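Just one chain is shown here, as structure tokens, and it is the form predicted on its own.
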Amino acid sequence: MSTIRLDVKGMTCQGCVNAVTKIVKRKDPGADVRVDLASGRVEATTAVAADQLAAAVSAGGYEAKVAP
């Protein structure tokens, strides 16, 4: 397990936060997910690779990239 940080564009409301959380949980049901709507930052402690998580969130309709 590692902590991954993503910068996500396109989140505008609590519904978006819930959707992104569900996307991450689909990839790894045991992930600990924290979403900061104001900054567009998603932090997840997960076994999934960062690029795979970013791709899943992007496929869900958001613009996601691995944060530095």
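Sequential numbering from 1, following the sequence displayed. The model shown is predicted, which means the values in this text are computed figures rather than measured ones.
Beyond the structure shown, there is the form predicted in complex with a further copy of the same chain, which is absent from this document and is the topic of what follows.
S.K.: I'd like to know if residue 47 sits close to a further copy of the same chain in the model of the complex, meaning any non-hydrogen atom pair within 4.5 angstroms.
M.R.: Residue 47 lies outside the contact set for a further copy of the same chain.
S.K.: When the contact criterion is heavy atoms within 4.5 Å, does residue 58 count as touching a further copy of the same chain in the model of the complex?
M.R.: Contact check for residue 58: yes, within 4.5 Å of a further copy of the same chain in the model of the complex.
S.K.: Whether residue 53 contacts a further copy of the same chain in the model of the complex should be assessed with a 4.5 Å heavy atom distance threshold; does it?
M.R.: Looking in the model of the complex, residue contacts with a further copy of the same chain do not include residue 53, since no heavy atom lies within 4.5 Å.
S.K.: Select from 1-34 the residues with a non-hydrogen atom within 4.5 Å of a further copy of the same chain in the model of the complex and write them out in sequence order.
M.R.: 10, 12, 13, 15, 16, 19, 22, 23, 26, in sequence order.
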